[in-house]
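Let's start with one chain on its own, the form predicted on its own, as structure tokens.
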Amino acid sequence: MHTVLTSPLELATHPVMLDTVEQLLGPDILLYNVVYIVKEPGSAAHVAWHQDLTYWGFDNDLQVSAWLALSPATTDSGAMMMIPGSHTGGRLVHSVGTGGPNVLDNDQYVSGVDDSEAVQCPLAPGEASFHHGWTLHASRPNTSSDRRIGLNIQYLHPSMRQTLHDQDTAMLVRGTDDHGNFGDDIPATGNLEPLAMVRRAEQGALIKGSYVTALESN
């Protein structure tokens, strides 16, 4: 969304966000992806237990995910849950097909996760949480009367490389890129401009196809 709307670009590149990411990844930062995740009130939609990096095709794990609340993310509205320390266990096997309204594009999930070990991550609007791509995380349905709206932002160290294809793109948002492993995303200069929407659709189809390939090889 940072290539087609100015507001998510501004939020993802806000100095407070980048200062936090710099503490985790160092001074050189690529913005890889920005997506809205919305749960309507009373919706049965959930996010199954999963690890982000399992299906992204990267050759290392110098990455961090940010989840920025744009409306209250509470236990009732389906705030994110995480398993503390799960990022140290590396990649886990993912299956496909929960049989329910899983928000994840390819309906992937990790089975056998003990929910009793989960920690809720409620956020007020304007607050953000940060987690590593091997961290097991999930969220339950929104049983509240309000929409739960979050902005999910992915940051990479420039040394990361896509292994599934050679057409991946990112945007340098701080420091320098001495590796050149990604093509350049074009930042949004307006909102929903036609050419930007075409480019976004093409890149989105490429990313989704890569996710399927990665899951099939899991």
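Numbering starts at 1 and runs along the sequence shown. Just so it is clear, the structure is predicted and the values come from calculations on it, not from any experiment.
Another form exists, predicted together with a small molecule; not displayed. Remarks below refer to it.
Trainee: Under a 4.5 angstroms heavy atom criterion, identify the one residue in Ile37, Val173, Leu62, Leu164 near the small molecule in the predicted complex.
Mentor: Looking at Ile37, Val173, Leu62, Leu164 one by one, just Ile37 meets the 4.5 Å heavy-atom criterion.
Trainee: Would the small molecule be touched by all three of Ile83, His87 and Ala118 in the predicted complex, meaning a heavy atom each within 4.5 Å?
Mentor: No: none of Ile83, His87 and Ala118 comes within 4.5 Å of the small molecule in the predicted complex.
Trainee: Based on heavy atom distances of 4.5 Å or less, which listed stretch (26-34, 173-181, 187-195, 45-53) is in contact with the small molecule in the predicted complex?
Mentor: In short, 45-53.
Trainee: Give a yes/no on whether Thr169 approaches the small molecule to within 4.5 Å in the predicted complex, heavy atoms considered.
Mentor: Because no heavy atom of Thr169 falls inside 4.5 Å of the small molecule in the predicted complex, the answer is no.
Trainee: Quick one: is Asn152 in contact with the small molecule in the predicted complex, heavy atoms, 4.5 Å cut-off?
Mentor: Answer yes; at least one heavy atom of Asn152 falls within 4.5 Å of the small molecule in the predicted complex.
Trainee: Hey, in the predicted complex, is His131 touching the small molecule, heavy atoms inside 4.5 Å?
Mentor: Contact check for His131: yes, within 4.5 Å of the small molecule in the predicted complex.
Trainee: Does Ser139 reach the small molecule in the predicted complex if we count a contact as any heavy atom within 4.5 Å?
Mentor: Yes, Ser139 sits close enough to the small molecule in the predicted complex that at least one of its heavy atoms falls within 4.5 Å.
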